[in-house]
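First comes one chain, alone, set out as C-alpha cells in the form predicted on its own.
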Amino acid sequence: MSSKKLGSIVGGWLAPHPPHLVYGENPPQNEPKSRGGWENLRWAYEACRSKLNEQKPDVILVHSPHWQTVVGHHVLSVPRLDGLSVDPIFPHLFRYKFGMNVDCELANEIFLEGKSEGLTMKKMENPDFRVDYGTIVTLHMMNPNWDIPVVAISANNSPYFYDDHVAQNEMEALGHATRRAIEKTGRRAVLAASVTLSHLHFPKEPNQELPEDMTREHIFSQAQYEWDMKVIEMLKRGDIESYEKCLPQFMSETFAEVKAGSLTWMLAAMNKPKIPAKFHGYGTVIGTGNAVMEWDLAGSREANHV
C-alpha cells in the first residue's frame, strides 16, 4: 500500500475574469495602461492573495468558460507555457505576456478519472497553445507572482445543446473526478470558478475614450442586480440546494456565465459544502455582475476539530 499522503482541496473561489481588472491594475505583463478603475473587485482579490500566502497550496485549478471545447473536457498538460494572450473583444485593454508552470501529473490524473466517469476527456499537450484570457485573468488576480503551478480545464460546449439537468450532471461528474485526482496525487489544491454571475452587458463601452471611467459603470438592469443579490445570499448562507434549484431560471433570465459549468464543477469537487461562502466584493464590468467569494475548506476542517 502506498504511503503517499491523501491530497485535499483546501479552498475554492468564485473568481471572475473581466480583462478590465488586469487593465485597471497595470501589471508589467500587460501592454495597455490605465488610470485605474474597478477597485471594488480588484481590491476584493487582495483577500485571495493573502489567503493563498497563508495556505501555500501546491496547485491552483481553474475552470474557464473562455477555453471552449466542443468535443469533451480538455486538461492543460504542458509543463511550461509562455506567450501573448489578447482578448478578442477588448484587445485595447488586454495584451498580456503570460508564463505559467503546469502540474502535469495532476492533469493526467484528472484525465484518467474523468474517463472513469464516462466523460470525453483530452490532454492539451501542444507546447504552443495560447492560454485563454479567462484563465489568465483569474490566475493573475489570484496570484500575480505566478509562483504556484496550475491546472486549467476547458468548458465543454456540448452541454449547451442539451437541457440544464444534463449539463449539471456532466459538470458534477467532472468535479468528482477532479477531487479524486487531487486526493490520489497528494496535492493541497485551491479551485477557482472563473465566471461572472449575471452576464447581460452593454453592446459597447459606455466611454470608449476612457474605458476606466467609473461614472459610467453600472449593472445592466435592476432585475439582473436583484438576481445577483439573491444568488450571493444563498451562497453566503451555504444553501447550495436552493442555489441549484434556481440555477436554470437564473441562467435563463440573466444569461449567467455560470452556465459554462465552472461553479457547478467546483461545488461538486468540494462535495457541495454547507459552510457559508465568505463574500469579499461585488462589482459591475460593462453591465455584468461579478462577485469574489471564498470557501475556506481547510479553515472549516480545523474549526470542526477544535
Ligand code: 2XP
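In case it trips you up, residue 1 is the first one in the sequence shown, and so on. All values reported here derive from a predicted model rather than from experimental measurement.
Keep in mind that the form predicted together with this ligand is missing from the display, and what follows is about it.
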Interface stretch in the predicted bound form with this ligand - options 105-113, 139-147, 172-180, 195-203, non-hydrogen atom within 4.5 Å: 195-203
Site test, His73, Thr135 and Trp265 vs this ligand in the predicted bound form, non-hydrogen atom cutoff 4.5 Å: no
Exercise: Phe129 in contact with this ligand in the predicted bound form, heavy atom 4.5 Å: no
Partner proximity in the predicted bound form: Phe90 to this ligand, non-hydrogen atom cutoff 4.5 Å: yes
4.5 Å heavy atom contact, Val285 and this ligand in the predicted bound form: yes
is_contact(Lys51, this ligand) in the predicted bound form, heavy atom dist at most 4.5 Å: no
Within 12-26, the residues that have a heavy atom no more than 4.5 Å from this ligand in the predicted bound form: His17, Pro18, Pro19, His20
